[in-house]
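Here we start with a single chain on its own, the form predicted alone, put down as structure tokens.
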């Protein structure tokens, strides 16, 4: 069995009680609104939409795939975890191990697979139920939980990135690739050489594919090798008939084609991970789709950005929390108890670390490194440090610590002209053209020089709480 077969994973998720079937939703706003409202629940299930209005039974859309600890741990091939903290702990150190092992697992080309059950040469992407996700979107987005495969002009480096894809007509899509991203670098090189740019877009596959194509894999490394390190075996790929670009053999839906050197189309607007529309419609490269491959009864994966929590914000929070924890330890900060990159800040703008204070200045050290380390610097805005009795993923506990253990005049440090982004909704108010951003470090730990005299917390001890939960299970 192909280890990246989405249907095998869905079977596991259904056995875990984490999949809900939804029938009869409209692709026009309704599917998006249902998914958006679902993901705001405490433990939202994955949603598999079928019998979508105007489309045949069996043409399905999966959303909310990565939005729970159980599902995310299963996607990452980790022991199944039920809590945020346990999942972050299980993930710590793994990205470094996967990166180190990736070279041992190059993708393996195979002659066939489920992705080739149907091949469209007379292309019609309107066959698939691309959703209009939100009322202010500039059109229907066929690619959100997708993976875009490109090749470097001068080398054999294959990159797999997650970029949004707007459906334009039967055989054209607009591909928005952010400047500086690896796929964009590939595109710019072809454009400068005046050559058509080959592209493959995977619209449905095991969620591990788009999860990894959406994180920062090192320059020059192929994401398929990284995925192979997670799986412990090479990814089986099929080479496209038109471009030769590889895609997973068990893919659900694949688009293949070219971007002409000067083909730019109107694209957007579309919401971003922080919950805003940062701009109006713009220009993006237009892909002429020349082949479509798909399975019988294909499943498209949807993962649109929106006001957090959104479809993929939980997975970003977990991944970034583990990376931040590892970065703090690598920088020499001791006694790190837990880290959480909050979904409300798109897993970038509001990050919290809990520590066991051991020396004067310990909390400030942790806060500044959290704010400025390589993983945390981009678009970070608030970095909060709390004591070990505070759960950093519990916003109510964090803000209680901020309200009761910090003195604004001495416990808030401001860094001017830090790393920001023009994608920041606050960019419109900044006084400079470059993407600078100020950053706040909030020390919400008990003051070190008064730690022994600080008032005790009026709360049942953790030990007593554990005893009560064990004795009164029917209540808790």
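Here the rigid core means the biggest group of C-alpha atoms that line up within 1.5 Å when the two forms are laid on top of each other. Positions refer to the first chain, counted from 1. This is a predicted model, so every value here is computed, not measured.
Below, we refer to the form predicted in complex with a small molecule, which is not included among the displayed structures.
Heavy atoms within 4.5 Å of the small molecule in the predicted bound form are found in exactly one of 397 to 405, 226 to 234, 282 to 290, 171 to 179, that being 171 to 179. Exactly one listed residue, out of 383, 144, 321, 354, brings a non-hydrogen atom to within 4.5 Å of the small molecule in the predicted bound form: 144. Contact annotation: of the candidates 342, 164, 151, 325, the single residue with a non-hydrogen atom within 4.5 angstroms of the small molecule in the predicted bound form is 164. Within 4.5 Å of any heavy atom of the small molecule in the predicted bound form lies no heavy atom of residue 274. Under a 4.5 angstroms non-hydrogen atom cutoff, the small molecule in the predicted bound form has residue 214 among its neighbouring residues. At the 4.5 Å threshold, heavy atoms of residue 246 stay clear of the small molecule in the predicted bound form, well away from it. Residue contact check for residue 393: none of its heavy atoms lie within 4.5 Å of the small molecule in the predicted bound form. For residue 422, the Cα coordinates differ by 2 angstroms or more between this form and the one not shown after the core has been superposed. After superposition on the rigid core, the Cα atom of residue 306 is displaced by less than 2 Å between this form and the one not shown. A displacement of 2 angstroms or greater separates the C-alpha positions of residue 348 between this form and the one not shown, with the rigid core held in common.
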